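Only one chain is shown below, in structure tokens, and it's the form predicted on its own.
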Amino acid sequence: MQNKKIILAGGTGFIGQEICNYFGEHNSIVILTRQLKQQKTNAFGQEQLHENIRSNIRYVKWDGINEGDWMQEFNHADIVINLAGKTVNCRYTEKNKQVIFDSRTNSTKAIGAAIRQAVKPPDLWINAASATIYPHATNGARDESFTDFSTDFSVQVCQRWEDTFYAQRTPFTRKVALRMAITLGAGGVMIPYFNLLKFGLGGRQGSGRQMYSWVHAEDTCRMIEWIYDHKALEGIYNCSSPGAVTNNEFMQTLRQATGHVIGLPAYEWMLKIGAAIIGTETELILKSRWVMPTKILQTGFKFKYPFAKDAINEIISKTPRKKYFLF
């Protein structure tokens, strides 16, 4: 894909930076940003942008709610990718819950309004969603045909986000919601994993039997490109590798790839204390996410990294040793 104009909302996080690195060399990218200093994102405060793409990236200010000059960027754009929303890596207080809801629905509504006012609207709008919409599962994988959803807070967030997305009237713009699993790359969620390895704590979390659905960041970008190129694709797609593993298997693979022999386990009671201290929820670790990307596989898409071992080895190959060792 070349010579396209891509609008990226929420592009300063880890996934946004990976998208920029993948598409930025041959395309023009506009990042919509609130320009908030020290904003907590899944990039964990680290910038991963490649030097050769910086000249192809522009930052445009928006607040994720109100109309403004930023809307002009949507005219003659090719793709809109919306990743905007407060991270769920926080305590689920009533205040945080409301911000999580509002940050997703308001930004989605604002983008819908911007597309409607464009003289030449974008061809494709991809809105992030989450594989967390599926329930805790240990007896089999869930795919896009699953509809028996629970009423947990995280599920409500996902449903409200998707409902808002599909409520936007954009008759000339194709829409796809990507239910994203945990995205792996040289940054993002791997940073806390590396920190655990450094101190010999890279063992299983909880029982270790909970399923861990993941996707390599490059495959996320390849899926976006595939969806753009295949004009008939629309609706909901799981963005997850077909090779889900247990938490224990994932941590064991990570230890082997980094040469760590010892990995002490973190029992559930330890996780509860730790989560309270660092301001997050144990659900992010203990929920068994078992997701299958049935629909995208049916289109002929092939994952470059279908197996956790290959994905982790690729990530480790471009990660400095000091990131996961004390010396």
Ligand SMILES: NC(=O)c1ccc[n+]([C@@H]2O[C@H](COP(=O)([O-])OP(=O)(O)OC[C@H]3O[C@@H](n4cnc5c(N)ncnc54)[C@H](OP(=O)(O)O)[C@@H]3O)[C@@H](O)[C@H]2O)c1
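Note that residue numbering follows the sequence shown and begins at 1. What you see is a predicted model; the values in this text were computed from it and never measured.
Just so it is clear, the following notes concern the form predicted together with this ligand, a form of the same protein that is not shown.
Student: Could you spot which one of 244, 223, 126, 180 gets a heavy atom to within 4.5 Å of this ligand in the predicted bound form?
Tutor: Result of the distance check: 180.
Student: Sort through 258, 33, 294, 27 and report the residue having a heavy atom within 4.5 Å of this ligand in the predicted bound form.
Tutor: None of the other options qualify; the answer is 33.
Student: Establish, in the predicted bound form, whether 201, 206 and 282 all lie within 4.5 Å of this ligand, using non-hydrogen atoms for the distance.
Tutor: Contact check failed for every one of 201, 206 and 282.
Student: Given that this ligand is not shown alongside this chain, does residue 87 nevertheless sit within 4.5 Å of it in the predicted bound form, heavy atom to heavy atom?
Tutor: Although this ligand is absent here, residue 87 would touch it in the predicted bound form, with heavy atoms inside 4.5 Å.
Student: Looking in the predicted bound form, any heavy atom of residue 167 within 4.5 Å of this ligand?
Tutor: Contact check for residue 167: no, nothing within 4.5 Å of this ligand in the predicted bound form.
Student: With the partner left out of view, is residue 103 within 4.5 angstroms of this ligand in the predicted bound form by any non-hydrogen atom?
Tutor: Yes, contact at 4.5 Å.
Student: Can you work out whether residue 23 and this ligand are in contact in the predicted bound form, taking contact to mean some heavy atom pair no more than 4.5 Å apart?
Tutor: Residue 23: no contact with this ligand in the predicted bound form.
Student: For the chain seen here without its partner, which of 128-136, 112-120, 68-76, 248-256 has a heavy atom within 4.5 Å of this ligand in the predicted bound form?
Tutor: Within 4.5 Å of the partner lies stretch 128-136.
Student: Do any residues of 150-177 have a non-hydrogen atom within 4.5 angstroms of this ligand in the predicted bound form? If so, which ones, in sequence order?
Tutor: Heavy-atom contacts within 4.5 Å come from 161 alone.
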